[in-house]
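Just the one chain here, laid out as structure tokens, in the form predicted alone.
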């Protein structure tokens, strides 16, 4: 907590006025960065009347861009590597971040399937497959990317992912022109 206070430029006692422990600080950081971003998805899905593939690209692009160059990009790596050591925090992350993403992107995928724009696929697995390349990018950046002589550039990486993912969602025989 002293390290957190020092980074925030306040005294250790000040931190304890707002948070009981490091877990509470971590939850606040997740809510401030990832949860607030994911929560905007529900409204976007509910109010969008355009092409589902455009909205999917917009949502995932917004999530991705919100983390490029953001220290919060390390959160998924921390959660994944420490889930068994801190199961309460892992459950919190699933409830606050993964759950809403599954729900909202799943609704979008179901809408796309109903419209004939996407193939029918179990949304739970499809959402995992859609978000995995984005999470992987930030895990890479926070680990092997630090020593990679050929670093990945965020924008081309994201565009390549979206091209592959959207083509994979289309009904068989349909691909982008």
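Note that the structure is a prediction, hence the values are computed from the model and not measured. Positions refer to the first chain, counted from 1.
We do not show the form predicted together with a further copy of the same chain, though everything after this point is about it.
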| property | result |
| --- | --- |
| Partner-facing stretch of 66 to 74, 27 to 35, 41 to 49, 122 to 130, counted where any non-hydrogen atom is within 4.5 angstroms of a further copy of the same chain in the model of the complex | 122 to 130 |
| Distance check, residue 156 to a further copy of the same chain in the model of the complex, heavy atom within 4.5 Å | yes |
| Residue 58, heavy atom within 4.5 angstroms of a further copy of the same chain in the model of the complex | no |
| Heavy atom of residue 142 within 4.5 Å of a further copy of the same chain in the model of the complex | yes |
| 4.5 Å heavy atom contact, residue 135 and a further copy of the same chain in the model of the complex | yes |
| Residues from 148 to 167 in contact with a further copy of the same chain (non-hydrogen atom within 4.5 Å) in the model of the complex | 148, 150, 151, 152, 153, 156, 157, 160, 161, 163, 164, 165, 167 |
